[in-house]
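Given as structure tokens, the chain that follows is alone and in the form predicted alone.
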Amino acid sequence: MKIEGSYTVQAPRDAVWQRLMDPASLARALPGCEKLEPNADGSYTAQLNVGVAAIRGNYTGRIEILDAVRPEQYRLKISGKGTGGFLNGEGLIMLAETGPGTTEVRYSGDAQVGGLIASVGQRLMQAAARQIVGEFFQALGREVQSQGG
């Protein structure tokens, strides 16, 4: 499943970058996140409670931020499994200053899902992914604003 899009945050690019690199900010912005803990190797372990359609479940996963070029872009690698199946994905996050105090965050990537959650179908999965990503960026925007971004 391919996912891509963009979101505009009313904050300078450096402030958005700082929030994207801060585990506490990410945990507050990520829908269904119950725990996000840094690991010694720089990755994170996440516990999420999320659902797609009628399939809801608890998931444990690993998030890696790779090839970071501050404050422009990084690769994101995600793997997780739980009661509803599994998810593996990789994507690129790019930040561009589009005006004074305005940052466009562009994302693109591929994800593979399996198990019960995959049974909801590609179209519903993409709609759910767009909704989760949208909720994340809205919450991230609020997070940046509350931190004085």
Partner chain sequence: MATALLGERIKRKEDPRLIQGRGHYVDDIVLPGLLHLAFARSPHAHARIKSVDVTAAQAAPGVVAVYTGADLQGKVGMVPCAAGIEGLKVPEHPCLAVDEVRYVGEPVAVVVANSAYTARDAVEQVEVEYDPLPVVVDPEKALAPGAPRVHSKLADNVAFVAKLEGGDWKALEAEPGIKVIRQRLINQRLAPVAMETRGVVASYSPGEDLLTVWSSTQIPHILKTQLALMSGVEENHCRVIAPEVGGGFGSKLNVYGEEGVACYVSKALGRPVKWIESRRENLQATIHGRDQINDVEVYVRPDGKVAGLKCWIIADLGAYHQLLTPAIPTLTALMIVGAYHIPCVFVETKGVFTNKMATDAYRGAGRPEATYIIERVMDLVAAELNLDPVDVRMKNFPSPKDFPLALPTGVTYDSANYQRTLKKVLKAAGYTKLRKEQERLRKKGRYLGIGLSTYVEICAMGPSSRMPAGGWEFGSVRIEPTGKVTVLSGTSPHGQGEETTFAQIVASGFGIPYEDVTVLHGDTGVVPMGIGTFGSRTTAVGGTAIYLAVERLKKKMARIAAHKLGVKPGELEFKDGKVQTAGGEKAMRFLEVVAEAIFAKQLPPGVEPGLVEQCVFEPANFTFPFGAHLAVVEVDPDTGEVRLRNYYAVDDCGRVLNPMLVDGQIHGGLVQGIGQALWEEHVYDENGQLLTGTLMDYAVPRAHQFPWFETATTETPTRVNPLGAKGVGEAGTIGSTPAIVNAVVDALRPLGVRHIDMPLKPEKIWRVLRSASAA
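Definition used throughout: the rigid core is the maximal C-alpha set that superposes within 1.5 Å between two forms. Positions refer to the first chain, counted from 1. Because the structure is a prediction, the values reported are computed rather than measured.
Form predicted together with the partner chain: not shown, discussed below.
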{"item": "Stretch in contact, per heavy atom within 4.5 angstroms of the partner chain in the predicted complex, of 36 to 44, 116 to 124, 64 to 72, 97 to 105", "value": "116 to 124"}
{"item": "4.5 Å heavy atom contact, Arg28 to the partner chain in the predicted complex", "value": "no"}
{"item": "Core fit, then Ile55 C-alpha moves 2 Å or more between this form and the one not shown", "value": "yes"}
